[in-house]
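Same chain, two versions here, written out as structure tokens and called structure 1 and structure 2.
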Structure 1
Amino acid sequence: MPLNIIVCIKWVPNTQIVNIDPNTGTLIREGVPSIINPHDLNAVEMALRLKEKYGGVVTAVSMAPMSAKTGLEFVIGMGVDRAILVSDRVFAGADTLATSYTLSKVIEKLRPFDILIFGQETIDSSTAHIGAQTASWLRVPYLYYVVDVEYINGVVRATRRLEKKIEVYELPTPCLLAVAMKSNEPRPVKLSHKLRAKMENVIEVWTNNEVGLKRECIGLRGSPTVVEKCIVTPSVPRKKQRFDGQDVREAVKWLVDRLIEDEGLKII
């Protein structure tokens, strides 16, 4: 039986560019290009390796605005077979509960599935909730920080690396794996795959018409989390001083002097 693998990816604002509104404490997303959550590319890579090794189909799912099509085209370019963009105004404003609920309902429609693969966490919220919550909604076992996976005699054998040890688990299918960030090298896009994404209109868009969820369970209305307050740490203005010499020792001395004289650093 070929594996049915589902990989979830999030379309996030590039937080390296994003600024924070000093008054409201929220991200200023306007005009900031979005990208695939970088850690989710590790999830895609793991899914594709599984497919290559054991045969199967990889489906990517993302709940996001329509602009995420670009991101799904990218993962199809990497080799993903099918892509579903869950996109509808009624899904907007979701916290992790509503997000995981919606994703789990979408995934249920893709039964029978074998392995669900998630990123470890996102760069814009980094709760690392979604994998665990989705698994709970679906009542499947899950494992986080996975670096490697094999599929032997119908059993998923997953390795995860913790600070001081390496653990190997066996899980039945279906199960959910959250991939450790940076645990593999995501492959580049291939021309033939990317052309297919571009020319064959392969991305399926699912609105709530397709998913059919109650309004009070999704989007802003289905989100009990309330952000009460955000405190922005003030940025320290640069002094624009520069050391112009060549000698490293002099540079270090200059730097230390500056820190002692100007910043009140004490050496004890």
Structure 2
Amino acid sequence: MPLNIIVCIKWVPNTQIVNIDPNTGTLIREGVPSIINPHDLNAVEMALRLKEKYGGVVTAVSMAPMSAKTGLEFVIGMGVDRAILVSDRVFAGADTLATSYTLSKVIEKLRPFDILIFGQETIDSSTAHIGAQTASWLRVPYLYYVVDVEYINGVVRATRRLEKKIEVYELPTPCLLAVAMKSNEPRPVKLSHKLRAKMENVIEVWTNNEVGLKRECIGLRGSPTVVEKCIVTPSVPRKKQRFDGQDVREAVKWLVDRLIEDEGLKII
């Protein structure tokens, strides 16, 4: 039987420097270029491999500003069949609880589904909470650090990699898998696929009018996380000192001397 696969992706700031709104404690996205969360591309690749092996349809879901449509066009270009952009000002400022709740309600509207696939974590927050929380809202089995998946007689056989172990689990469908980062090589975009995003109506935009959630359960109002103090990225001035010699021993001595001068190194 063909699989109905849903893969969730996040549109994240393409920068290591994140600015925080001091009043709300949320990310300031204005003026910051964004990309698909790189670890979510591993999730997309796994979904597409399952589709190629067993047949079916892959739907991408992203809760993000309208600019994320570019990211959804990219995964359509990879081979995803359909995309849902969940975008509304009332969803803004959501923490992991409100985000996972919203995603779960969107996914419920896409039933029936067989396998949900998420990336391991995101580069802007690295909480790794969304997959587990979404599975909890949906009351489906959840497995993380997944590196390989098979679908045998209606059962998902998933292999996950831990630090010193390889484990194999069998899960009923529907289930949710979080793919280990760098567990595969995401495929490039094909022009023929990407043209579908431009010429066919494969990307749908859902506001809260379509999802129908109570305001107190979503966005900033539905987020119990409280940021008591904003994290400030310290500014570290660079002295732009450079050793121009060729001798390795002299270079090491020069570096150690500079570190001692700056109190960056203590000789015990």
Partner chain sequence: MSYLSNTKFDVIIVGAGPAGSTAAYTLAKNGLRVVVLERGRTAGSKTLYGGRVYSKPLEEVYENFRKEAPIERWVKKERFSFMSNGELLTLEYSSTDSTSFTAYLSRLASWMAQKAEEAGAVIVTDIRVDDLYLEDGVVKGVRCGDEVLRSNVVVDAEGVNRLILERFGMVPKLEKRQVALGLKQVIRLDASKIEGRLGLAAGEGLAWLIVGEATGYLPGGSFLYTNSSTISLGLVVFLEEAYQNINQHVFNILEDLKQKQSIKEVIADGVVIEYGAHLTPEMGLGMSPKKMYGDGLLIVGDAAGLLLNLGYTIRGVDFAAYSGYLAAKTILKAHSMGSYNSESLSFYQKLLEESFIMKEMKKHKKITKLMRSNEMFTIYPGILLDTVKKLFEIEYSSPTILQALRNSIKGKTSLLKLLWNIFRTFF
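All residue numbers here follow the sequence of structure 1, with the first residue given the number 1. Basically, rigid core = biggest C-alpha set you can superpose within 1.5 Å across the two forms. Remember, predicted model here, so these are calculated numbers, not experimental data.
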Structure holding the form predicted together with the partner chain is number 1
I need the CA movement of Asp257 between the two structures once the rigid core is aligned, reported in Å.
4.1
How much does the C-alpha of Gln246 move between the two structures, in Å, when the core is lined up?
2.9
